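Only one chain is shown below, in structure tokens, and it's the form predicted on its own.
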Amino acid sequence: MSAFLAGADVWRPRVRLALGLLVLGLSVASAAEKPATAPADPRRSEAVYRRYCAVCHGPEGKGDGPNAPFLEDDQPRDLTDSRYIGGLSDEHLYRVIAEGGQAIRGSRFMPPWRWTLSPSQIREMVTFIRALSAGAPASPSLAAEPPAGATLAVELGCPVCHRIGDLELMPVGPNLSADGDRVQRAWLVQFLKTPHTIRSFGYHPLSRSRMPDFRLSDEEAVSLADYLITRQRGIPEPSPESPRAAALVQRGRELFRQYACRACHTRDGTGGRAGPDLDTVAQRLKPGWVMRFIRDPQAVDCVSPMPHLGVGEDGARAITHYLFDAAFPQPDSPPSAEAARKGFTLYRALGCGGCHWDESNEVTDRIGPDLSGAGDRLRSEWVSGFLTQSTAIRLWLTARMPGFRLTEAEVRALADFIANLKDPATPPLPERLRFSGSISEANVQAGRRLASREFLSCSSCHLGEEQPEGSPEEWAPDLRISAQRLKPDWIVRWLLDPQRLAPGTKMPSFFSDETSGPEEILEGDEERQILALRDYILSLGGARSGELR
């Protein structure tokens, strides 16, 4: 693959584990316990740092994480400040991480991590912070970010559906194995119809993962929601305690302030953006799940960046009453068994199990085309348009290309990345077979005859000037958009040897040897016949010669 792919294993497994959430400034205070500092594994330490710390302290520790602007005057500490960090003992750093800022009269927004991280992990973080303050990253991937398009492709979950060189398939969304315990059915149906951002900085913090829009019909959204609602572990739902409801709401409000939850969550329009907006909790989540999550986030979601704050059952109940204002939703009605069965089929067809891995192991094979050589095949301007608004290319695929609500910059980054996905082992075409920039009308006529049912019968599978045979699910790609989508020289390579470019393809090899081409056309010259087919295919979309360079 390209030079980028050759160096992919330097960054890929670590950078887009790119987690990160919730750690704020270190503050000066007296030392407490005196743990010994242990040698840290830089890669392991970086993964912990990115998961829990980087969203506030920044990817490189400079105190400029994306959540920092929402923390008022209590800004995260710059961990690269060697003068400040050098004046602190290891014991002090350990205590601040373990017990939080309020334990040493420091930042009220720095949470305690002793229930989330083990003592050895905290000691490794002390070593990691020392490395940051020494002026050099503790891990190579902090010094060199990968190409923007490659990072974005992994964060969006593109390898879930497509093979892209050696990019790894990684879960980029939450575990859905118990979604019936977590979300309310009415909200889920609407979310599946019109997905929107819940976590400003991605499910894995500092990533740009997002729920794609599959353009589901009303029936599909209901079926998929009904299937997901069947996935439960049986978390019991608490009842609003009517006589004490007002007191519990007030107690929950006080605990919300005490635990500095607004450092990461928006409530009543103010607060951080590291976690979900809590103004929508009453419409989105179920109280039983919220109560359990507050008590022990990692027991519910093992990769959650939310710190375990040591909240007890009574405290969790009070905070839950506050978040729901004691107005708990009515229990969902049982899902339709028939709809749930349809939803399960749709879940698999859309490849949902790739982004949302769970113990049910419902990950399927990649369901989209191989993009490893897409830079040889696809025109960049077409790729940009397709990423902005996708259309069906391969009607037989049960999957569909979703919309990711990409910005212009993201479209450019992905299009540039795809343009560089080329196979260096592909030999160059001989000069006589390369596209000169114009198509020949004589070639178009000869190509039309070659493609006719009398000879190669291309319209048996492809949309062109005739309707293909059979059902649309069995049709091959639409040839009428080839001029806008494909590079002319790739069409020639494809006609020469489709199996080399796509092993196992249904496309037959019409020119496997020197005697394969019909003798009645262009004197049986296979190379001339291939060029004639190329020009005919390019002409189908009404493209003019000047548009094909």
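The term rigid core refers to the most C-alpha atoms you can superpose between the two forms while keeping them within 1.5 Å. Start at 1 and count along the sequence shown; that's the residue number. Every value quoted in this text rests on a predicted model; they were computed, and no experiment measured them.
What comes next is about the form predicted together with a small molecule, which is not displayed.
Contact with the small molecule in the predicted complex, defined as a heavy atom within 4.5 Å, holds for exactly one of Pro287, Gly173, Pro335, Gly165, namely Gly173. Though the small molecule is absent from this view, in the predicted complex it lies within 4.5 Å of a heavy atom of just one residue from Leu463, Ala131, Met125, Val249, which is Met125. You can rule out all but one of 428 to 436, 327 to 335, 279 to 287, 241 to 249: in the predicted complex, only 279 to 287 has residues with a heavy atom within 4.5 Å of the small molecule.
In the predicted complex, the small molecule sits within 4.5 Å of a heavy atom belonging to Asp179.
Contact between Thr388 and the small molecule in the predicted complex is not found at the 4.5 Å heavy atom cutoff. The small molecule is not drawn, but in the predicted complex it has a heavy atom within 4.5 Å of Pro508. Of the heavy atoms in Trp187, some are within 4.5 Å of the small molecule in the predicted complex. After superposing the rigid core, the C-alpha of Leu450 moves by 2 Å or more between this form and the one not shown. In the core-superposed comparison between this form and the one not shown, the C-alpha atom of Pro69 has shifted by less than 2 angstroms.
Taking the rigid core as fixed, one finds a CA shift for Val492 of 2 Å or more between this form and the one not shown.
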